[in-house]
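This document opens with one chain alone, in structure tokens, the form predicted on its own.
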Amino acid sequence: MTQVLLKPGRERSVREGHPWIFSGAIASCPTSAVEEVEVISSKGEKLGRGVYSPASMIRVRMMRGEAASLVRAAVARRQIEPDAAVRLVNAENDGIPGLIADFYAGFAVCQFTSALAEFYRDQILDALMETPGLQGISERLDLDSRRKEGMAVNPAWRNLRGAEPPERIAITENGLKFLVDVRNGHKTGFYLDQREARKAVGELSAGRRVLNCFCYTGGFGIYAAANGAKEVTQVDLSADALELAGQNAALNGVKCAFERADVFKYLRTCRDAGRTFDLIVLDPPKFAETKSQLMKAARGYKDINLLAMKLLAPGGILATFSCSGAMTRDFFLRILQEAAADSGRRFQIAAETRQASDHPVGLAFPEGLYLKGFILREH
């Protein structure tokens, strides 16, 4: 097996279990191809094996075990109901860097976002097909991640194994029903990582006027309406997302108002009109892909949270989230503190959320904790 030699002093994170080795940590490697390699310390110690990716800044991703065994172990840790949606494999956090596999009522949707995951593709798919109740596997291409790895980015969706999924897959989550578009929707079709946060927001919604910003297919708003919200307004810029959100509302027998708008502009319009809400949800898309984009993202997060805070009725609640991996929990909290100070209002942290429990975080991989959330209550 080809050997990758590390520079002196660069083996500590590998010993501790971190799966990434950047190009700057490598002293020598006699290959320029994507292949399985053995990683060696500067003192000649064998540290493990991984897959070398010459096109990526993360030159080697480590894997501590066989791909098929790691997939089976990850699936065994999940509770899979026939009509439910659950993450089966959570990339580095389940031991397989760059592999996402989500289960939607009998159909799995994968994203292969690293050269390592692509290298073991067949083994991974064989093991996934053993999942109880699974009828087929399809693939969604995460374009940006694959470009960084020098991998193909077309087609955007394709069926890989077994039965082809329907245009819309009906799932059940905490007793509510949602239609999922696995071919064209965000991520693999649905934001599974917000499952527990949606439940928490729903439980706070009874009798309140709720505004759900960046609503996508309506998750938070439908939870609010189903839990007795006085009124629910769902806002998103995507007409396709709002159409599916309307279908999801009808599927659950709840009423929502839908507004197609840029959320920043919509919040300013509400401010100028003197509108208020009792509970506002801010679940925006990723504002910062990298650390270099962090300060610009921080301004966006502060702007939108300040606007929302000003729109809350007395004693109102703000559920606010950041899915930007480059944004740390403490930095996000500091932004919220500054927004609250500028709003002239005082808030308590009523609850703190993170990605759902089927999106575990590896202890040696803190980057796995990408979703941060705070539920703030005015006092």
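The numbering used is simple: start at 1 and walk along the sequence shown. None of these values were measured; they are calculated from a predicted model.
The same protein has a further form, the form predicted in complex with a small molecule, not shown here; the description that follows concerns it.
Legend entry - Listed residue (113, 194, 188, 90) with a non-hydrogen atom within 4.5 angstroms of the small molecule in the predicted complex: After the contact test, the surviving option is 194.
Inset, instruction - Counting non-hydrogen atoms within 4.5 angstroms of the small molecule in the predicted complex, say which of 236, 278, 139, 149 makes the cut. - result: The residue in contact is 236.
Legend entry - Any non-hydrogen atom of residue 261 within 4.5 angstroms of the small molecule in the predicted complex: The answer is yes: residue 261 has a heavy atom within 4.5 Å of the small molecule.
Legend entry - Heavy atom of residue 132 within 4.5 Å of the small molecule in the predicted complex: The answer is no: residue 132 has no heavy atom within 4.5 Å of the small molecule.
Inset, instruction - Please run the contact check for residue 285 against the small molecule in the predicted complex: heavy atoms, 4.5 angstroms, yes or no? - result: It does: once the small molecule is placed as it appears in the predicted complex, residue 285 has a heavy atom within 4.5 Å of it.
Inset, instruction - Mark residue 229 yes when one of its heavy atoms lies within 4.5 Å of a heavy atom of the small molecule in the predicted complex, and no otherwise. - result: No, residue 229 stays farther than 4.5 Å from the small molecule in the predicted complex.
Inset, instruction - Please determine, with the chain shown alone, which of 77 to 85, 151 to 159, 216 to 224, 295 to 303 has non-hydrogen atoms within 4.5 Å of the small molecule in the predicted complex. - result: Result for this chain: 216 to 224.
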